[in-house]
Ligand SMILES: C[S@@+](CC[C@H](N)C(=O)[O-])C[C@H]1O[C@@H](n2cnc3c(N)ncnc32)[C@H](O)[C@@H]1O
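In structure tokens, the next block holds one chain alone, the form predicted on its own.
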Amino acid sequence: MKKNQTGERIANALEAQIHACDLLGSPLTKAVLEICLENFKADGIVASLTRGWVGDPLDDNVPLRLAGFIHFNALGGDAGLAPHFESCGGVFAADKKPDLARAVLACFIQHEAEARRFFRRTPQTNETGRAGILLLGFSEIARRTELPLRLREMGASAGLNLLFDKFNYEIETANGPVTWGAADSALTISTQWRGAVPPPLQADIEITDRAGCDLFPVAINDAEARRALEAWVWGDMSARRARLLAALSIADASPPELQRADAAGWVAAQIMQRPPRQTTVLYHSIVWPYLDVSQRMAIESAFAQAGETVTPDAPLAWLKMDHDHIQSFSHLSYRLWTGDNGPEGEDVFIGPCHPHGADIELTEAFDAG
């Protein structure tokens, strides 16, 4: 019975991700996962690879681990896979799906041991499109505290969004287009801020220092780790891939400081030890659902404790572009402790947003005053 229940959960996870690929516009990844689902139901190699998965296969992103391994091998030059991947110079065509199916299953069969090792990796797109949403949060925190920002990112992956101020931004708003950042940056982020009229962005956001943590930080100077990072971006999403490659070129010139650490302990240390005359901003994007309950409770407890020690010369902010669980909508919000607003601080909900940063719906209740 337990085996049947596990199998049903894996099948349901695959079906849910197939639906998500459809909504997000990735026919290639949808096709890869349809092939995986059909093979799983037939008790083929995909069933062998995923049998006995411990944990929730949807929360653990089992479908994305399967798709990521296939893309990883396509990027590595697999002759059967590469012609179907735009990221490899190919193109996906629905009438070529039988050829894709043969290549996908052959890849799993021929590289079964490598697949099992790859599945231990946590999916990490390090989606820099999210910087187009986080920018509004950073700007508001800088405006309200009138201090430089000390950035600390939880679940930082390769730490690319720690470099948000080195990107160029083209933003469509209710008041017309807005640009921000260096026009000559290698990376331009395009996004839409819908709904309420946004507040003016700070002309300059000063960063004192920046650091991040991850259980599996990506060392961008390691070729295999770098290819794995590219593999998590779906192979027919050229704009997302171009953003990643541009961000990597910026990070190559000034790599951010990353630590391999458990989120809860690292967060507590960073927010309790706040240097004066700067605002410590702990932030994360699409990380919260992947933490277990004990980690979440520990982080919330750390903020509650830190909130009692905040003074006006060392404010604290918790910026979230995240969602409560894997199937909920993502949103942008922040909690700010100024030292004058009590141990609970002030919670500001800015609005629901696209998980890749394509747009945000600013709520009328968002008070930028």
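All residue numbers are counted from 1 along the displayed sequence. Treat the numbers as computed from the prediction; the structure is a model and nothing was measured.
There is also a form predicted together with the ligand; it is not shown, and the following applies to it.
Residues with any non-hydrogen atom within 4.5 angstroms of the ligand in the predicted complex fall in just one of 186-194, 72-80, 211-219, 164-172: 211-219. Screening E114, D252, E206, D262 for any heavy atom within 4.5 Å of the ligand in the predicted complex leaves a single hit, D262.
Of the listed positions (S139, T145, S87, Q295), a single one reaches within 4.5 angstroms of the ligand by any non-hydrogen atom in the predicted complex, namely Q295. G132 falls outside the set of residues with a heavy atom inside 4.5 Å of the ligand in the predicted complex.
Interface residue remark: E230 is not counted as part of the site for the ligand in the predicted complex, having no heavy atom within 4.5 Å. Of the heavy atoms in Q278, none are within 4.5 Å of the ligand in the predicted complex. Although the partner is absent here, G235 lies well away from the ligand in the predicted complex, with no heavy atom inside 4.5 Å.
Taking the ligand as positioned in the predicted complex, the residues of 278-314 that bring a heavy atom within 4.5 Å of it are, in sequence order, S285, I286, V287, Y290, L291, Q295.
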